[in-house]
Ligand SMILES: Nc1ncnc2c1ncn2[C@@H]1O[C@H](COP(=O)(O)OP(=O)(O)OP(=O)(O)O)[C@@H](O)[C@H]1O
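A single chain comes next, written as structure tokens; it is the form predicted alone.
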């Protein structure tokens, strides 16, 4: 049985952008698959916003190229994309509904979709309230509603939870997940590790304009090959571990050891060796690192 490969909605090849001496984007290449929630993760100044500006046609690159839906950037393609790059900008003295009518006029679409998008972001009951009466979280949700007008195939967010309290962050995060479940591809730039780990399916890690890693979020979390193990006789276990040539690091920790296996060596290999030495383990588990630990390691490797 043949499986149809996932469609690429965005392809970036060798993208480069300088602002004087600052190399904002450095030879960046990546691909975003249809239906994914793609996180662009990096500290402030890593090139996230510049990259989004380039692919939306508001910033000119010095070199490289990008394509949407296998075609060069065009006005027609941009109609298939919704984006929020900055703080929500609406008329404060107008209602949410009237503000979205103005957005619909700009996009050249009918008002028929306004009810749907307001209900999606749970603002339909407040459609007649003036924008200035909204909380910051509600303003952010209205911005998402405006981006959803016209049924875009791709949504782009730049730091969507900036400035929100914990409750607001959780609400926006849940909303993004709900939108993704409708089949909309989402590209999300953030410096918040927790946000990317809980929301995204794929991630690219940037630092000083350079790509450090690209893959699924699970791939990042599975980069760790650290194993936690213990036995009833820690002294014998330690001696056996020190004799095993395929261990690159051993750290004692209370009643157990943390070890790092050489590349290509499995826990089965380790267990088989220990049994041959008469060591029976009482505990063995892969110790997954958090995205934060992996992220900091990636940054330190390139610093």
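Keep in mind that what you see is a predicted model, and the values were worked out from it rather than measured. Residue numbers count along the first chain shown, from 1.
One more form of this protein, predicted in complex with this ligand, exists but is not displayed; see below.
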Worksheet, complete the sentence: Exactly one listed stretch (270-278, 48-56, 29-37, 246-254) reaches within 4.5 angstroms of this ligand in the model of the complex by non-hydrogen atoms, and it is 48-56
Item to complete: Please run the contact check for residue 60 against this ligand in the model of the complex: heavy atoms, 4.5 angstroms, yes or no?
Response: no
Discussion item. Does any part of residue 22 reach within 4.5 Å of this ligand in the model of the complex? Heavy atoms only, please.
Written reply: yes
Discussion item. So, residue 43 and this ligand: in the model of the complex, are they within 4.5 Å at any heavy atom pair?
Written reply: yes
Practice prompt. Spell out, yes or no, whether the shortest heavy atom distance between residue 159 and this ligand in the model of the complex is within 4.5 Å.
Written response: yes
